[in-house]
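Heads up, what comes next is one protein chain in two forms, each shown on its own as structure tokens, labelled structure 1 and structure 2.
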Structure 1
């Protein structure tokens, strides 16, 4: 049961405040619990009582943030402020008297009347938030990431383009030991559908035919794509999944996660990055860190943003890089703008450390890499085809995008 919902700015100002009931003993703070999540730079807070399910409340807040994003186009302090009437309307419809009524955008679209206000006219060339590139199905065209950050309802009123985005997003968690041995490699992946089609009765998503789930089911040689565990959205029908690896669903407007999967250890491809660190003390009592970083991606692929975080005057081998010492977090941040696959970069960091001892070497590290790899999935999962039925009247566009993020890519020194 939810007593109140707040949306706070990053500074803590009230942007939205909704009180679902003023019950007796309401202001007894001992019994009132605050749960919050952070999304889009905002705090989403719900107050509740001790007996409530934390899973349900957190899921509610996550879903609320997703709905607001769907309806307003993007999540930011500004978009929330501009669309406050819409958000109040949403809050009114999804929760009544503290009880969640519905959070499905299919149901809500019949009730929500207010139109979203966007801060600027939607433009294809808005590259402020470049993150995802290109679709395999439509080789020549590229969908900028901002294409998917518009309010879902605009499609109805403005006769906007009917589009559908299918994103395969994977997060890698890797730990490489100080001896270079891979200690842990996990991938959490999901297929996300974002639908801007006013009428779409059914969609079929074909995955790799060699896709298998669980350890025992390995079949064939080589190209098999395997995951340990896999779960699907309620709405997905799996009657063709066993035979042809096809997911069938009727996408509702807005964003939804159709499938989630995970793979632990045992990655099919080599790790994208390897680091060869050498750490020494020079005669002047300075700490020398020589980092050689190799990108083992196929030559044409390259990570989009790449940050290497090393816990501790620099010389770098190429002009596309920059490095900075962050005293507050005691880290050197090495940023690499362009890093082509199959190449190698190196950097030498010289650090003046007061009272440097041999033990201080223990304190160096670990190295954390953060990157985003477009057009690549670590598991090798691919979308074979994407079919909509009935065939959409008028122009419609289908986009398939792949991206792999580093959730935590740690290399111990």
Structure 2
């Protein structure tokens, strides 16, 4: 049973507060349990009484955040503030006297009447703002900038226009030793579907014919695409998966993750970035850090965002080369606006370090890379086709997008 629901800002300010038993300003910590998650820079909190499953409450909070994202278009403090009436209406419908009634957007769309209020801020981190659909620049002509971040209710107002987005998103965890040897390389990926179609009986997603799970026999005639583990949404039908690598499902309006997979220590392609560091001390007692960074992507590919974070162990003054020094975190941040594939960049940092010694030089590092790569998957997973049945009346558009970003990309020096 759920007693209260809070949505808090990153600073802990109340944005949304719902008490299902109307106990104003009364908290008994001995009888209540507080559970929370963090999504979209917000804290999603619920209180419950003894006897309730904490895992069920956590799942409820995750689904609540997904519903708010579907109905508001995005998760942020601003979007919650602008759509507080819509969120309160959602909370009234999905929970009744502390008991969860439904979390299905197909059911809720018959009861939710409040329209979402949206804004269109430009963001480099928004997947829909860049040419992820095959275009070579951000001036993509195949989809508007806010195509995948609008509320699902907006699909009713567009004169029969319907769209569906399939995103293949992968996160890399890499550790490279000080001798340049790869120590760890893991990839976690997922296929997300966001549907703006008022009705769709079935969708068929075709994966690589060579896609295999585990150490099983290779399939097809092309290069193998292998993962160690794979799981599917409960709505996905797998009767054609073993023979033809086809996922079948009836998507509901909103966003859902239809497939999750993982690959460990056996990447089919080379790492996207290599760093060659040199740490020295000059005659004046300054610490010299020479960083040569190489991008091993194809020549026409480049990361959307790229940040190099160099950890230090001493309090430092400002470096000579243009870079941001963060004394609080003891790190130098090297930001690169454009980094084309097949090229390399270098930087020389000269730092004044009090009482620099050979022992303190060994404490420099590690280096962390943060990046986002559009139109690339580390595992090689691709969508062969995306088919809808029956054929949708009126104009309909289907988009397939790929992105790989760093979860933790660490290089020891």
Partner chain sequence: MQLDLLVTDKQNYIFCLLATMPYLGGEETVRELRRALSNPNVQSDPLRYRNTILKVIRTMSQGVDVSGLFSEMVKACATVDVVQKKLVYVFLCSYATLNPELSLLVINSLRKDCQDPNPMVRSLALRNMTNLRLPSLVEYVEQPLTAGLRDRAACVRRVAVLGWAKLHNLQPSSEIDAVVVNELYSLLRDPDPVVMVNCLRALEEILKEEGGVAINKPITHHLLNRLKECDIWGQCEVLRVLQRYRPQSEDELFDILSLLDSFLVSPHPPVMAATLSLFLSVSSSLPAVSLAALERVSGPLLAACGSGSREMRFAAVCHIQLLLRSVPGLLGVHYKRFFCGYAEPAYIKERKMQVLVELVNDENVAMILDELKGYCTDVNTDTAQAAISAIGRIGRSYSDRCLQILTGLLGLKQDHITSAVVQTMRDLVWVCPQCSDTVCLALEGCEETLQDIQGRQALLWLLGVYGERISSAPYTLEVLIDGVRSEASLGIKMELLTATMRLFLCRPAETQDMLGRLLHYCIEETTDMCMRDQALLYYRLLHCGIEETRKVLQGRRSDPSLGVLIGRPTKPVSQWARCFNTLEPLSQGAVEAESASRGSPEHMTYNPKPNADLSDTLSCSHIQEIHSGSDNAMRCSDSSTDGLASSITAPLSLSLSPAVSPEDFEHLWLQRQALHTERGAEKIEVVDCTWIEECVRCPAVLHCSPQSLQAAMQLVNIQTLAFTPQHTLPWRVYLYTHTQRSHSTDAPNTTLILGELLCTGEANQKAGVKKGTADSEAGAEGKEDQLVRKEMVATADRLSEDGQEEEEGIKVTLNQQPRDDDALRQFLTVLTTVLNTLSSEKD
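Heads up, when I say rigid core I mean the largest set of C-alphas that superpose within 1.5 Å between the two forms. In this text, all values refer to a predicted model and were calculated from it rather than measured experimentally. Positions refer to the first chain, counted from 1.
Just one question: which structure is the form predicted in complex with its partner chain?
Form predicted in complex with its partner chain: structure 1.
Determine, after fitting the two forms on their core, whether residue 49 shows a C-alpha shift of 2 Å or more between structure 1 and structure 2.
Passes the 2 Å threshold, so yes.
Determine whether the C-alpha of residue 348 shifts by 2 Å or more between structure 1 and structure 2 once the rigid core is superposed.
No, residue 348 moves less than 2 Å.
Determine whether the C-alpha of residue 59 shifts by 2 Å or more between structure 1 and structure 2 once the rigid core is superposed.
Passes the 2 Å threshold, so yes.
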